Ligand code: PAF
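Next up: a single chain in structure tokens, the form predicted alone.
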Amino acid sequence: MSLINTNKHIVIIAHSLAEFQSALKNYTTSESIIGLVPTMGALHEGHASLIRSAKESCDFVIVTVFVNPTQFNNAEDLSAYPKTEKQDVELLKSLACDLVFFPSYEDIYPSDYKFPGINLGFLDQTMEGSLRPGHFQGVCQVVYRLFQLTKPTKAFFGLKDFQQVSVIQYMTNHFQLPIEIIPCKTSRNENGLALSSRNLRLSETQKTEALILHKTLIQAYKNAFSLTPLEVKKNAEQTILESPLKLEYVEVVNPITLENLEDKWCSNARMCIVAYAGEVRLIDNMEIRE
């Protein structure tokens, strides 16, 4: 365990479960409001915004950095996931994070650990769930374990992964965990591209091409005033198909159930888009019906 003193604020770096538990015991009390920001590293401004939100409402902020293998369907995608620990620590120092935990696989999944399991129903059968079997079970497995270890009061997740936030909220309610899930708006660059660790794998040309995702969402918001959900979806699909990106899906969904909308709108309807820029899978979404 190392202590980094920056501007009179101590940032604790833990690389083992024992170090982490010692720090948690020594620097928090039963009255502390603990905020958790789970990440897979390769941190960027999107993660920074989550940490700032946590700092505003919590006494003690924990950031975990763990690339969770159980939520990857593609071994190549797992091996290609960027690992930037040194840069991540520098960013976390600048944000005055309190405790950073870099757990090992054995810390998260000891041989005697057993996830209780959960039936996610339709949440696990649509969009990402249908295309990436087992992905959300892996997400629930690791988040449940992180909740178990960190015992947070609040946990902060970015809405760029909208379906994931829905799944985590459902899991939290299902197990009646005393944790408040705080969804945070998607962070974008100055051109509107949703910030993602995967963006590190994009060429400059691909970053420009990827802007069509946000432009499509903005147009969908405008179209929602006069068209049905199905018409808005078809227009968005056509826009992506005419771009350099390879479309995987566009859906307009109920924000709670994630059921597809066709003829009638509901409050806070959301459009979700997934497309490829080269080999890089990009996701984006936006509320298009207030």
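Note that the structure is a prediction, hence the values are computed from the model and not measured. Numbers for residues come from their place in the sequence shown, where the first is 1.
FYI, the form predicted in complex with the named molecule isn't displayed, but the following is about it.
Quick one: which of 137-145, 118-126, 212-220, 90-98 gets within 4.5 Å of the named molecule in the model of the complex, going by heavy atoms?
Residues of 137-145 come within 4.5 Å of the partner.
Which one, Leu261, Leu247, Ala224, Met40, lies within 4.5 Å of the named molecule in the model of the complex by heavy atoms?
By the 4.5 Å criterion, the partner-contacting residue is Met40.
Option touching the named molecule, based on a heavy atom within 4.5 Å in the model of the complex, out of Gln71, Ser187, Thr172, Thr84
Looking at the other structure, the residue within range turns out to be Gln71.
Is Asp107 close enough to touch the named molecule in the model of the complex, meaning at least one heavy atom pair within 4.5 Å?
No, Asp107 stays farther than 4.5 Å from the named molecule in the model of the complex.
Do Gln164 and the named molecule share at least one heavy atom pair within 4.5 Å in the model of the complex?
Taking the distances in the model of the complex, the answer for Gln164 is yes, it comes within 4.5 Å of the named molecule.
Tell me, yes or no, whether Phe157 is in contact with the named molecule in the model of the complex, where a contact means a heavy atom of each within 4.5 Å.
Close contact exists here: in the model of the complex, Phe157 approaches the named molecule to within 4.5 Å, heavy atoms only.
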